[in-house]
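A single chain comes next, written as structure tokens; it is the form predicted alone.
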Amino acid sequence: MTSVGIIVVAAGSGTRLGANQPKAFVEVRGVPMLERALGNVLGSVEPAQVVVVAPASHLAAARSIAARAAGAAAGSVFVVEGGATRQDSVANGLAALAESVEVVLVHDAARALTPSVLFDRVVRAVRASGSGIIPSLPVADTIKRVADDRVLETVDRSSLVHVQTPQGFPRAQLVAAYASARQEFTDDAALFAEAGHPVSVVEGEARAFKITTPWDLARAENVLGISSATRTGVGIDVHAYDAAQPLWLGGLYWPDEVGLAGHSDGDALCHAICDALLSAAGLGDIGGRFGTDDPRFAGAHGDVFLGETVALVEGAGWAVGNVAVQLIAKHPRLGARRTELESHLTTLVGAPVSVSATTSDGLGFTGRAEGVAVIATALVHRA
């Protein structure tokens, strides 16, 4: 049973957007805002129960969108009716969560471009701290306090942040906070803090802006328009030699070679490819997706990471075009196994992979034979 629940609030009227339907059902470049939001929610690493809170007038539409966005995972997405206020809607979402859920994220469907990596970041922070977690970005503009159009003072912006969603909380504390709330709050973190619980921040994402006005909608469409149908990514990984370890490189075992140190099998070649693919698809990096604190990947071989990464990339609507990777190291020498290595990686990635190797002419840690460095580039295109 999943321990993470994500409530997607899609019950807003969209008055400021000037739409003739609830905001979450307005299309952004031909795709409903809710569908785009769910695609990113479902792209997070850890399985979650997703509860969409929708207006009574659009429950059928919400269920259709949820089924389309979730595909084979449609059984993990539920749609419930919203309430008169945002707080009422979130409360309805909380009531629909399975008993196994321990961490709850609350997300606005209007933040339709929020990257999947932000959901994972918030979940990890809630688990690590046991407190409320909100993503934030620093305030860049100069802030003035005014009254009747007169500037009273300049406000120190160094301690100010823009707050985003998803906001994450331990479930039991959030449920209790909702039960004790006696007023309306602008976000769940304020309600949670009013109940006496601590709230901390993690780094937010620029793409997690809220679509509220026609200008915001145009901005979102421009962002999507800038995103080409073809994208590239770069990945770099470095590992030290470790004579006590066997060498796994490119998903292959290399007998009679010095191994590489690492949390998993130290396969720098596979790890660099993962980073390149995630970078190209806008899905973060291998550290954010498969952190060293995740016991599932302790000692895991490179093919495990590649399989998970390709699934994430394809789940985000991308197909891999090709990958090029270069090993910088004194050893091993790839020549005799290059064809085997390229064939194996091509099978794992599902697209052509070319491998080359070089040295650093005695310079740096690779020149001193202290370890290896790998650089990978990847090309992805819309599936």
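Heads up: residue numbers just count along the shown sequence, starting at 1. As the structure is a computational prediction, the values presented were derived from the model and not from experiment.
Note that the form predicted in complex with a small molecule isn't included here; everything after this is about it.
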A10, A84 and D108 all contacting the small molecule in the predicted bound form, non-hydrogen atom within 4.5 Å | yes
Candidate from K210, H162, R231, H301 lying within 4.5 Å of the small molecule in the predicted bound form - any heavy atom | K210
Only hit among S116, S89, S279, Q167 for heavy atom within 4.5 Å of the small molecule in the predicted bound form is S89
Okay, which stretch from 303-311, 76-84, 133-141, 242-250 lines the small molecule in the predicted bound form, with non-hydrogen atoms inside 4.5 Å?
-> 76-84
At the 4.5 Å heavy atom threshold, is T15 in contact with the small molecule in the predicted bound form?
-> yes
